[in-house]
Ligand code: HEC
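Form predicted on its own, single chain, as structure tokens, below.
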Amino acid sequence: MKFRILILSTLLSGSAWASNYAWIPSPPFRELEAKLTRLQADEVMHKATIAAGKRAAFFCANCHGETGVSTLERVPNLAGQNPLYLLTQIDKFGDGRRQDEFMGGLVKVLKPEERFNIAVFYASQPVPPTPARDARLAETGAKLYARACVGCHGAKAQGSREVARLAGQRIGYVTTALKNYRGATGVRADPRMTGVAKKLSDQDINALAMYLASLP
């Protein structure tokens, strides 16, 4: 925790960072969607945006890894997420719809263009699956996923612009998130997710997390 606070303090201490601390909302969703469509049709600009996003995400690497593949079990992978979904989540931390003092403080120093570039960068990165340590438990997780999760997260858990990609996600992160939804702690709030999670036992959650981590 002290290390995380030190990173934030360092970023906010410089005048350049401090001057950008006031939250600036992203453009409307349709405008972002159109911008992303144009970008994906221009290979040169797409590569340039990825490079800019990598530079802007330098302080994310300590927790989320150099390419968005987390170095910490309870910190999510960002690699491979839909860029519009990821940008929405970044914005939620910035404007308070998602509560996390550390994340909220970090994203507030980013301009809208930097946030967009970061989302494009992470979306372009591959996320490696984690082979299941217990094949039978993962098989149970696959059945649970098909019954309770596939309708929103997709057949291959790839997510969408509105729903998180879960394929290849960290086991510890999925486990913690589902337990927070189940417990209605307020840390994670989504009526659909809470409704699903309340029906899951600890064993079910472990099975789901292992299965999802094993998906490419």
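Only the largest set of C-alpha atoms that superpose within 1.5 Å between the two forms is called the rigid core. All of these numbers come straight from a predicted model, not from anything done at the bench. Quick note: we count residues from 1 along the sequence shown, nothing fancier.
If you look for the form predicted together with the ligand, you will not find it shown, but the lines that follow are about it.
- In the predicted bound form, none of the heavy atoms of Glu113 sits within 4.5 Å of a heavy atom of the ligand.
- None of the heavy atoms of Ala132 is located within 4.5 Å of the ligand in the predicted bound form.
- Although the partner is absent here, Leu32 is not a contact residue: none of its heavy atoms lies within 4.5 angstroms of the ligand in the predicted bound form.
- Proximity of Asp95 to the ligand in the predicted bound form: non-hydrogen atoms within 4.5 Å are absent; the residue sits far from the partner.
- This chain lacks the partner; the member of Met45, Ala184, Ala51, Ala148 within 4.5 angstroms of the ligand in the predicted bound form by a non-hydrogen atom is Ala148.
- If you take 65 to 92 and check each residue for a heavy atom within 4.5 Å of the ligand in the predicted bound form, you get Arg74, Val75, Pro76, Leu78, Gln81, Tyr85, Leu86, Gln89, Ile90, Lys92, in sequence order.
- The two forms, fitted on the rigid core, differ between this form and the one not shown by 2 Å or more at the CA of Glu101.
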